[in-house]
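This document starts with one chain, in the form predicted alone, laid out as structure tokens.
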């Protein structure tokens, strides 16, 4: 409950001031000139002024607001309620809610009004309420409103200061995604995959001669008796796969229409990361998250379990694109450096930021399995068809008065982007566009075959 009580006086409205001025100006003139017609003309105005002054409320209303829930998913509903306790003499109450980007209600839901019952001698409670729909992930300030309580005949108005808003978190929705292809390096036990290294576990790997540090319980006595040499059963370590999601938030390209409209590059990346995290956590893998190009978004270390999915959603919802100008912050760089060998890194990027593409190339050179997922909207790749509004969404701080020149500049940038992605492919780093279910199947199969082959690693 957010309190909105403010000591504010009842103020006369323009109607009351006008009625008083007309009465005070015309009544003496009619009496002095003995014009009964002038006196009759001001009777309505005098009655309005007299009744308004006689019924003026003597105490101030109390107002409180409630906005909730404060955490919803994309497409979820947020309730806005104002509770007003009006004194005797108050006639009606009205409120207008300030518009918020990606938080929508019908036009009639933004302006609310209610009549107060005529009860003398007691305060009258009244509630104003509406439902707003959150259409895009992120943090939003919702519910700022202006409220007014008026007395009978609209002669006095009480208006508190602007009613406070509240911060709501809209969790990103997830696109449909499923795959039957396992991760490149591992082969399955705790998660959907088994560790490639030997260790303590329950999944049989091979039989080998007994060595220092081996447990006696692991000795295969039957085989040892037959061969004359102590033999032990080696097991695969019970470890799951580590999947690291890296979201490029240096730029947000394209127009975002919310959950039901067109998706920008960051919309696609955030929703795809949510879908990937849910899928791999559901099959038991460990999933982490890194966001490049933003400040204030803490890296999420790889873990498994249901709570990890909520941690990833919360971090994705706090992204504000382009909030840092360097390549990445220290915490992100430190976590990138600590990604263990055998992990699979999924980089979701529109391919515009050289820092994100350079990081993907460096991770590949360090021996990690890296897959670049292209999130640039398909409409943004057609430079000759882009309108002024589309170009402003792509480059908001650029002068777009010369539409032809801007289209040409964007076309040149797209050609540079294609050259950069081609160099990544030629170096062995796969690049695939996100198209929902089945986006990664073919590439993961290729990476799995490649991971089993010997290769050089730069140390």
Partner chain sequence: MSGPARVRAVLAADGPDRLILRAAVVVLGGGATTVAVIAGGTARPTGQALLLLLTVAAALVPDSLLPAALTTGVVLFWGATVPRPTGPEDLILPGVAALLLLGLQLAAAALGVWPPGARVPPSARRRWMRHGLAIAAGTVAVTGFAAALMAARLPGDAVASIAALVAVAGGGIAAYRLITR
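Numbering follows the first chain given and starts at 1. Just so we're clear, the structure is a prediction, and the values are computed from it rather than from any experiment.
The following text describes the form predicted in complex with the partner chain, which does not appear among the structures shown.
ask   = Among 421, 414, 27, 432, which has at least one heavy atom within 4.5 Å of the partner chain in the predicted complex?
value = Partner contact (heavy atom, 4.5 Å) among the options: 27.
inquiry  = Exactly one residue in 223, 113, 206, 98 has a non-hydrogen atom within 4.5 Å of the partner chain in the predicted complex; which is it?
reply    = Going through each option in turn, the one that passes is 113.
ask   = Just one stretch in 63-71, 406-414, 422-430, 42-50 has heavy atoms within 4.5 Å of the partner chain in the predicted complex, so which one is it?
value = Among the candidates, contact is made by 42-50.
query = Does any heavy atom of residue 91 come within 4.5 Å of a heavy atom of the partner chain in the predicted complex?
reply = Yes, residue 91 lies within 4.5 Å of the partner chain in the predicted complex.
task = Please run the contact check for residue 59 against the partner chain in the predicted complex: heavy atoms, 4.5 angstroms, yes or no?
result = No - in the predicted complex, heavy atoms of residue 59 and the partner chain never come within 4.5 Å of each other.
is_contact(residue 154, the partner chain) in the predicted complex, heavy atom dist at most 4.5 Å = Contact check for residue 154: yes, within 4.5 Å of the partner chain in the predicted complex.
query = Can you check whether residue 344 is within 4.5 Å of the partner chain in the predicted complex, heavy atom basis?
reply = Answer no; every heavy atom of residue 344 is more than 4.5 Å from the partner chain in the predicted complex.
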